[in-house]
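Listed next as structure tokens is one chain, alone, in the form predicted alone.
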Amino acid sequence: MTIKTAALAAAVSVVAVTAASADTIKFAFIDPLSGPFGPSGEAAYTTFQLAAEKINEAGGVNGDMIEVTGYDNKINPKESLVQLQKAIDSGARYILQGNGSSVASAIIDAVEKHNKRNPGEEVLFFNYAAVTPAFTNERCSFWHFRFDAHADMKMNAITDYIKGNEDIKKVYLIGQDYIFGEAVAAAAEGQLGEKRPDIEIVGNELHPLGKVKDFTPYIQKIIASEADAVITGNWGADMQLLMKAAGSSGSDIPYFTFYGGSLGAVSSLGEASIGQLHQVTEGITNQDASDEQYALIEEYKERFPTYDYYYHRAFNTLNMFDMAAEKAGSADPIAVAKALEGLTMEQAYGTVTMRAEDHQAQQPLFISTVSDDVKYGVDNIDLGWKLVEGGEISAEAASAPTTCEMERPE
């Protein structure tokens, strides 16, 4: 048994033993747990496991225990629907997913159909990372809640930051060829055109998701374009391999990313990432926080040494569920959904509110860059993320309007 597998097993056993003495609230984690994107899924899965343990140790949810079970979807929408049905058949009433908007799209549709056909056996979908804006706009659903900022919100933070940098006059866009990558590119083009019409988009490239093994040809195109900066929504292996190729090229172009914290990205770029690789997130381990939060970061790293404390929103997701269930006095999905609407929670990095109109979390965002002067490194090296000057974006500034016209159950 590997250290990683042993850590996962230990997390599951703690939850299972605790749950044995009370009723169990079953959550199904449906994301990649194998293949090239497996590390992204496992990093999130272990974070949800720890978040569940903390709630259970504090007495659970109205006295009931949370159990989080992993289902490997291999980042395939069809396989995800197979795993979704297995989860529902096992008694899961809550679905956790985030890696891949194509998967999230399929789950939203499937959950809506299931709930329509099975009154009294409804399930809720808690989306922690699939950030295509449509999911809380024209495709919004009462049964779907998003705990991460969507692509337009994250891009708003990035383009506000770029707006003030007069040295950036040419930008290259590169992303993954599916609905999320398309959304990122559209947001970048639209927002830069509005905020900095003088900036030239010198490249707009979409590549196959999880298929490119060597990004050197793409990096050479970026260099040849004479871009002053790159914007990418790449995540997981595609982010790590993009940075590996960038590091090998010796180029010093700054990268503005959604997921520069993907496992291995910083170590692949090495010292060239200092001050050059940027990301936008809902929290940074090296910003001011409470002793309790620092202890949580350190416990996670000790328990799961392969990964970094990256998915803080997993704690926000389960803690807001706990608050909503206690407010409703029930773990019934409809009661919880209604209690979640408009719910506000104070957490380690600011206030989070679940907007009732579209079920989109409203929260502060932070732009950070890689530094060698940090308390917590990443990728088991001494480099880590540090807030840039002017990089704190309030929830109000990060917010985006919604076109959602939600249908709610009576």
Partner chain sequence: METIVFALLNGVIYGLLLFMLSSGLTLIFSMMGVLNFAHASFYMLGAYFAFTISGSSSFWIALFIAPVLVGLVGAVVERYGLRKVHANGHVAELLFTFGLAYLIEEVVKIVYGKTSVDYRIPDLLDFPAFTIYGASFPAYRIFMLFVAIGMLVGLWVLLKKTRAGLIIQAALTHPHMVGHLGHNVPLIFMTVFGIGCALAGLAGVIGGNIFVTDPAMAVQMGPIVFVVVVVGGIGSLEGAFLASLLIGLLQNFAVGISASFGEIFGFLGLSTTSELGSITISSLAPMLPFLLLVLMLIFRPRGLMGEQEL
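Numbering follows the first chain given and starts at 1. In this text, the rigid core denotes the largest set of C-alpha atoms whose superposition between the two forms falls within 1.5 Å. Here the structure is a predicted model, which means the values were calculated and not measured.
Below, we turn to the form predicted in complex with its partner chain, even though it does not appear here.
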Q. Its partner chain isn't shown here, but in the predicted complex which of 330, 287, 248, 165 has a heavy atom within 4.5 Å of it?
A. 248
**Q.** Sole residue of 257, 281, 240, 136 within 4.5 Å of its partner chain in the predicted complex, by heavy atom
**A.** 240
Q: Please determine, with the chain shown alone, which of 54 to 62, 346 to 354, 31 to 39, 370 to 378 has non-hydrogen atoms within 4.5 Å of its partner chain in the predicted complex.
A: 31 to 39
Q: Answer for residue 218 alone: is it within 4.5 Å of its partner chain in the predicted complex, judged on heavy atom distances?
A: yes
Q. Taking heavy atoms and a 4.5 Å cut-off, does residue 264 contact its partner chain in the predicted complex?
A. yes
Q) Quick one: does residue 199 come within 4.5 Å of its partner chain in the predicted complex, counting heavy atoms only? A) no
Q.
Taking any heavy atom pair closer than or equal to 4.5 Å as contact, tell me whether residue 335 reaches its partner chain in the predicted complex.
A. no
Q. Any chance all of 364, 404 and 408 sit within 4.5 Å of its partner chain in the predicted complex, going by non-hydrogen atoms?
A. no
Q: Go through 169 to 204 residue by residue and record those having a heavy atom within 4.5 Å of its partner chain in the predicted complex; state none if no residue qualifies.
A: 177
Q | Core-aligned C-alpha movement of residue 274 between this form and the one not shown, 2 Å or more | A | no
Q) Superposing on the rigid core, does the Cα of residue 317 end up 2 Å or more away between this form and the one not shown? A) no
